[in-house]
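As a starting point, one isolated chain is supplied in structure tokens, in the form predicted alone.
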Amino acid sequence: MTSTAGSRLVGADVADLVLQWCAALFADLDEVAAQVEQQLVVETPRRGDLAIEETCHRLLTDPGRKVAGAGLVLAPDVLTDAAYWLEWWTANPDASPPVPRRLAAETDPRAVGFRDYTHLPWYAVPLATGTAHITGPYVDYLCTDQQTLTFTRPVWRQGAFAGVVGFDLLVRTFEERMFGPLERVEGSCAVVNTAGRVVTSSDLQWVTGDLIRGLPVQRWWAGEAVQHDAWEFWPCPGLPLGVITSR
């Protein structure tokens, strides 16, 4: 485990810190997923069988997590009394204390305000891969209206994909957590996603959401041993996040 105190860090150390933090966050989702899967065991699940509000409120009000949104989004026709269904709560993670509020989302596909969430990456990627995913950074106009990372993982019913559980983390929370480690890297350091988009950076030329150009980021993500005179790359194993640092 990488120490967060003391000497200078290199890119591999920062990648390890990102991996440790995200693993802890996904462990919270494992707990929510286990609850949902247990509640979906009944023969004909209905909306009233779901009971994750207390767990989501606990995540949203924990000052150590600073989560901005949490909940469940079900696959179509999992429930017998709703074709589409989601239960999601939001909170300002910087409030004291945070106050969770239920997201008012239209789930009737016949309604004008309905939006088919099954095409959105935080749902579609876990559906396609069967694994957890981090979407972003992106501006979440539905929930936070801020640069956001959305962590999701699948839930299963009778061996079939039944939806996702997830939470939103504001990028500024990510930046607060990573500011110290990035400052301890000699030279420039940035955390990027698989598209080469910046999550956070110690280099003033890049801000959150910027797309890094002129570096072989896609080839690095493909696992090619591409050497660059000025920059190095470290993936965070199992995550769609990596770290680049100047030499």
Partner chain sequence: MADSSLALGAYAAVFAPLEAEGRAEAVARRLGEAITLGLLPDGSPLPSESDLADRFGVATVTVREALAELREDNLIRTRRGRGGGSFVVTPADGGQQALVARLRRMGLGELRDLADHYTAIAAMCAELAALRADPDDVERLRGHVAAGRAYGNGAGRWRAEGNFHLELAAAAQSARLTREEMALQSEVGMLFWLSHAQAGTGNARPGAEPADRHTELVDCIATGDADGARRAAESHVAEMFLAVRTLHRQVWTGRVR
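Please read all numbers here as calculations on a predicted model, not as lab measurements. Positions refer to the first chain, counted from 1.
Not on display, but discussed next: the form predicted together with its partner chain.
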{"property": "Contact label in the predicted complex: residue 104 to its partner chain, heavy atom within 4.5 Å", "result": "yes"}
{"property": "Exercise: residue 173 in contact with its partner chain in the predicted complex, heavy atom 4.5 Å", "result": "no"}
{"property": "4.5 angstroms heavy atom contact with its partner chain in the predicted complex for residue 197", "result": "yes"}
{"property": "4.5 angstroms heavy atom contact with its partner chain in the predicted complex for residue 180", "result": "no"}
{"property": "Its partner chain in the predicted complex: contacting segment from 26-34, 47-55, 183-191, 203-211, heavy atom within 4.5 Å", "result": "203-211"}
{"property": "Stretch 124-146: residues contacting its partner chain in the predicted complex, 4.5 Å heavy atom cut-off", "result": "137, 138, 139, 141, 142, 143, 144, 145, 146"}
